[in-house]
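In the block that follows, a single chain appears as C-alpha cells, in the form predicted alone.
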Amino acid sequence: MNQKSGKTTLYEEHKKLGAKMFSFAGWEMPLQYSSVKEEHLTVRNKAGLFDVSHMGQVFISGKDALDFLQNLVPRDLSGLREGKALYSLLVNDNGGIIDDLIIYRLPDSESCRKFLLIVNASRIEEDLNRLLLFKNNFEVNIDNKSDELSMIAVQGPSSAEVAEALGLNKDDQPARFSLKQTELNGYDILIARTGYTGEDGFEIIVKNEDAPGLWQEILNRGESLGIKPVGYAARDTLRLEASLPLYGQDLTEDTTPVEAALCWAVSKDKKENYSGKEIILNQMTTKKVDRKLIGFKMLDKSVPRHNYEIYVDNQTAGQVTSGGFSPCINTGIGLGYINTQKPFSEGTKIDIMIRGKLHPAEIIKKPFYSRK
C-alpha cells in the first residue's frame, strides 16, 4: 500500500471497472460500481468482491504474546486454538473502545505464540500506540505489516463455490471464524472465513504485488457464479442490516462495551487486569449505564442518517449513529444511542427528527437481517 497517496494496490483495478471513488479513512476507495441496491442484493443472493486493503494487519509474536494480549483486551484468549479467530475490543482506562478488531491465533513456532490482529484503517496508529505502551512489560514482538499486505473479501452465499472455482476445495476451506495459510493459484495467502456483511465469506490476505492478479482471477473464475465487485456504499448497507457496528460512529473511545451492547465480547471471569476492567464489569453487574445502543426501523418512508436526533414523548432522548435504507427489509433502519432513564424494549415507539420534522420509528431486535 502506498500510504502517501492513500491508494491501495487495487486502485487502478477499480478505475478500470468504472468505479466511483471517494475518500474513506484517508484512502481513495470505490464507493460503487453500479447501483448500491444492485451490489447489495448481489452479496445477499450470490457473491460480492471487496477491496478491504485499507485495513491494518499487525502480527504479535513471542514468549509472552498471549499474556500481552490478555492484559489488553477484555475477552479471554486462553482457549483460542491455532487457526481460530474471535472478535474483540481494545479498551482504554475508562473502558472506552479504542478499536474493535479480529484476533487470529496463528500456528506456534518453536514454542512461540503468534497472533494476527486485523484493525480498522482509521485506528492503526492509535492501536499501535496502545500496544507499544504495554510492550516493555512483556517479551513480545509487534510487527505492523499494514503497508506490505492487501486484503480482498469475497462475501455472499456463493462464496464457497467461488473459492472452489479458484482451486480451494471445500474440505480445504477454513471453517467459520478460522484461518488457513495456503496457496491459491500460485499466490501465497492467508484466508479467513470472516467478513462484515452478515453473509458467509472469506477475507484473503496477500502480498501487495500479488493483489491485482488475484483480484482478476477471482472476477474471472467467479463470473459464472455471479460474482461482482462491490463498493463501500453497499458494504455499509450490508453491515447495517447485519447490525455490525462501525468504528467512529457506533463505537468510539467514549463508549464502553456495555453501552454498545457488546457484553458478549467481554469475559466475566477473566483474571487479567486489563485497562477499564473495573468500570466495564461494574456496568455489566449493575446494568447501570446512561445510554444504550438500540436498533430501530422507520414506520414511514423516511430514511434515518448519522447524527439525526432520537425523540421519545417529544423529548430528545438520543442520537442516531448509523442509518440508511435496507434493500432487504425495504424500509429505513438505524442504530443509535438512547438514554436509559426509562426502560426501552422491543416495540417501543420513538421518533427521528429529519429535516425539522419528527418521523415515527420502532425499536426492534437486532440484527435487522440474518440468513438464519
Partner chain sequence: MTVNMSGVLCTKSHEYAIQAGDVLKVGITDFAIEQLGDIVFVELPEVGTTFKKGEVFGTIESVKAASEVYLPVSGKIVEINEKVQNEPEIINEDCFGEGWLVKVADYDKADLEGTMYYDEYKHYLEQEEEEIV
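Since this is a predicted model, take the numbers as computed values, not measurements. Positions refer to the first chain, counted from 1.
The form predicted in complex with its partner chain is left out here; the points below concern that form.
Taking the partner from elsewhere, residue 37 is found to have a heavy atom lying within 4.5 Å of its partner chain in the model of the complex. Its partner chain in the model of the complex is approached by residue 302, whose closest heavy atom lies within 4.5 angstroms of it. Taking non-hydrogen atoms only, residue 237 approaches its partner chain to within 4.5 angstroms in the model of the complex. Of the heavy atoms in residue 16, none are within 4.5 Å of its partner chain in the model of the complex. Residues 85, 180 and 372 are none of them found to lie within 4.5 Å of its partner chain in the model of the complex, as judged by heavy atom distances.
Partner contact region in the model of the complex: 302-310, out of 42-50, 333-341, 302-310, 60-68, criterion any non-hydrogen atom within 4.5 Å of its partner chain. Of all the residues from 214-235, the single one having a non-hydrogen atom no more than 4.5 Å from its partner chain in the model of the complex is 233.
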